[in-house]
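The data below hold one chain only, encoded as C-alpha cells and taken in the form predicted on its own.
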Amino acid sequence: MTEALPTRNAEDWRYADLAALAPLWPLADAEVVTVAAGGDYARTIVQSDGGVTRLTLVLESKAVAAVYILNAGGTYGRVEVDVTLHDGADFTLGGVQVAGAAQTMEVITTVTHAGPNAASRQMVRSVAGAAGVVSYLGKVRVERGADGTDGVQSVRAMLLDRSGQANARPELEIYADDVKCAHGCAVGELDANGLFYLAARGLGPAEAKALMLQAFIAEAFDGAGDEENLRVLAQARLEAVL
C-alpha cells in the first residue's frame, strides 16, 4: 500500500508545501552513512532545483562529522538530516536557506545523543523574500546515560518583506543528567540604522542589503571545505530575491 501523503497535522510537515510535495511522494529512503570509530566525514548539500534530500548519519565512538547545507532552489526544497552520536562523537551542521516568491525551503534535523560526552552544534540562517517561506524544525534528543552531552542550536531568520514567512521549532528532549544543551531562535528584519550607515557611505539600497545579508549568513559556512564556493552561491541567490 502506498504511504499516504502527510497532512499539516504531522508536526514535521506543518509548514510544507504539500501541493509541491505530492509529485515527489512517496519519498525515497534516506541515504545512510556510518562513520567508523575515530573516523571523519564531511558533506556539502546544495539544493538548487527543488526536491527532498534525506541523510541519516551514525557516528560511532569519537567519530567526527560536518554537514553544510545551502537550500535555495525550486518551488519546494527540503533537506532532512538525522544523526545519532555515540560516545565522544562530534557533529557540526551549518545551513543557509533562501526563499523568494512562491518558494518554500525547509531544513529538518534530528540529533540523538546516544552515548556520553558527545557534542553537536547546529547553526541555521534563513532569509525569506517577498512571499517566500523558510522553516527550520530541529530536535536534539539526549538519551539516558548520555551524560556529558554538549548540544547547541542557533537559529536565526531574516525577513526581507512583510509577506515573507519564517518558521522555527528548536526542540530539546533530555533524559540524562550533567548535560549542557542550549538553543536560541530569532526572526527579524535588516537593521534600518545599518542600512542608513551604508547608504551614507555611498552604497545603493540593493548593494547595502546584499552586504548585510552576506554578513548574516557567512558564519553558517565557517569550516566548510568549499566555504568560499558556498558563500558565492548563497550570495547570488540572495541578490536574486532582493
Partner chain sequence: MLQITNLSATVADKPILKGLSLTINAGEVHAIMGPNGAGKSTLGYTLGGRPGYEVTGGSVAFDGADLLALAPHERAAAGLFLGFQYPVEIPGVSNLQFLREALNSQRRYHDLPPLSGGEFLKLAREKAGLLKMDMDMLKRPVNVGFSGGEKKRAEMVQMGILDPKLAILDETDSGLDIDALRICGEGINAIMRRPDKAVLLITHYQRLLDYVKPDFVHVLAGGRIVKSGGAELALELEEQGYEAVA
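Residue numbers count along the first chain shown, from 1. Note that this is a predicted model, so its numbers are computed, not measured.
There is also a form predicted together with its partner chain; it is not shown, and the following applies to it.
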- Query: Is the gap between Gly39 and its partner chain in the predicted bound form 4.5 Å or less for some heavy atom pair?
  - Reply: no
- Check whether Glu60 has any heavy atom within 4.5 Å of a heavy atom of its partner chain in the predicted bound form, and answer yes or no. no
- Item | Distance check, Gly194 to its partner chain in the predicted bound form, heavy atom within 4.5 Å | yes
- Does any heavy atom of Thr56 come within 4.5 Å of a heavy atom of its partner chain in the predicted bound form? no
- Heavy atom within 4.5 Å of its partner chain in the predicted bound form, from candidates Ala182, Ala215, Ala28, Ala186, belongs to Ala215
- Query: Which residue among Ala66, Ala199, Ile45, Val33 has a heavy atom within 4.5 angstroms of its partner chain in the predicted bound form?
  - Reply: Ala199
- Query: When its partner chain is placed as it is in the predicted bound form, which of 45-53, 201-209, 66-74, 172-180 ends up with heavy atoms within 4.5 Å of it?
  - Reply: 201-209
- Query: Using a 4.5 Å cut-off on heavy atoms, what residues in 74-96 are near its partner chain in the predicted bound form?
  - Reply: none
